[in-house]
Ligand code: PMP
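Just one chain follows, in the form predicted on its own, and it is written as structure tokens.
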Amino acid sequence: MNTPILYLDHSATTPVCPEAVEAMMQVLRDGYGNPSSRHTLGRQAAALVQKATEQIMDALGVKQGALIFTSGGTEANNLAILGRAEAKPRLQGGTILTTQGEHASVEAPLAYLQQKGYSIAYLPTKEGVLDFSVAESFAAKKMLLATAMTVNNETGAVYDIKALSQYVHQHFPDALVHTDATQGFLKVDCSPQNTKVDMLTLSGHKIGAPKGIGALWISPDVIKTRGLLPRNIGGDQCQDLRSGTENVPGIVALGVACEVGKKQQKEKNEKMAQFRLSLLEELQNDARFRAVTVLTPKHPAPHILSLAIPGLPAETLLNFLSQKGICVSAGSACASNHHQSKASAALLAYGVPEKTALSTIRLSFDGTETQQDKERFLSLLSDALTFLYRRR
């Protein structure tokens, strides 16, 4: 008899929602026109893209701006960062403000730009809070961009992006603010209308759409001033900012997933927050788990809970749980392929000791978890403490 899977890794990827599957399959069968073609099928495809655009913009809480469809969050982040840095000659060699422990799709472009002579300034994120007290150290810098994730994908901390936008726009009027909302979209308020960002990244496979589709929202002012340079050239799609024939099936699925997600957002977020809190209370109050360290950001996202058993490698615990049918993550799924026993920069910046960081796993929810799921996880975690931790 096969052990049923308990999937607690929704921050890595999500199942595709049935409505998105159905919509995508219909387009694959019947909507094969090229949106750039002027015949009937082309116009029908363009209309599908337009409808999806409206669905996504509605979920974002904006009516203006442009959506640049990409292959996912990584491409969107690269477009935002590299496209901004290379947009104007006056921006060459300028400074980009960010945080320690951003996703690799932000860290890598920043490292590339640093090699090209740009400066990178970092805001501390102790206990998941953006710290502007060091701002004077880069007050005189030629700031061109600030980029920070809405929700840290490892700690679950919700960053105050509105405060970041206010700070940057006040002190560096020529700089743009970008947020990677991959983990925050439809989980917390990340509407550009409220956070005042200039660019926002979202990824389809984090919200019930298929892999291979994402988007970068860009404000009207950035479009008007040509504040972004395309990374893909060779066509005039997506307002000349991302050449290539649009992935119509993926775009349609993303639009439907956004529409469904918005309708379910309040209920699902409440369920995730309740499950997270219930699990947190058990871990903190049950004597079986005295050896467990739980991260408790000041402003936690509803769907992420990270914990550690100091001294027990995260991969060991992950493998133990996986053999029992429970799927969790040891840090970011995108970084885990490196197989390096290196402490997470995000956890260290949060203030987690290196030994604890090396032992940290991440649980992430979707609102369908039950009391039985909680009891199963806690029972197996207790077994892990008995068979792995206390006998190491």
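Residue numbers run from 1 along the displayed sequence. Every value quoted in this text rests on a predicted model; they were computed, and no experiment measured them.
Just so it is clear, the following notes concern the form predicted in complex with the named molecule, a form of the same protein that is not shown.
Only one of these stretches, 317-325, 177-185, 265-273, 109-117, has heavy atoms within 4.5 Å of the named molecule in the predicted bound form; which one is it?
So the stretch in question is 177-185.
Give a yes or no for residue 81: in the predicted bound form, does one of its heavy atoms lie within 4.5 Å of a heavy atom belonging to the named molecule?
Answer no; every heavy atom of residue 81 is more than 4.5 Å from the named molecule in the predicted bound form.
Classify residue 205 as contacting or not contacting the named molecule in the predicted bound form by the rule of any non-hydrogen atom within 4.5 angstroms, answering yes or no.
Residue 205: contacts the named molecule in the predicted bound form.
Answer with yes or no whether residue 95 is in contact with the named molecule in the predicted bound form, where contact means some heavy atom within 4.5 Å.
Contact check for residue 95: no, nothing within 4.5 Å of the named molecule in the predicted bound form.
With a cut-off of 4.5 Å between heavy atoms, is residue 99 one of the residues that contacts the named molecule in the predicted bound form?
Taking the distances in the predicted bound form, the answer for residue 99 is no, it never comes within 4.5 Å of the named molecule.
Of the options 125, 147, 306, 153, which one has a non-hydrogen atom that comes within 4.5 Å of the named molecule in the predicted bound form?
Residue within 4.5 Å of the partner: 153.
Out of 219, 165, 247, 105, which one falls within 4.5 Å of the named molecule in the predicted bound form, going by heavy atoms?
If I apply the 4.5 Å criterion carefully, the residue I get is 105.
Can you name the residues of 44-73 that have a non-hydrogen atom within 4.5 angstroms of the named molecule in the predicted bound form?
Heavy-atom contacts to the named molecule in the predicted bound form: 72, 73.
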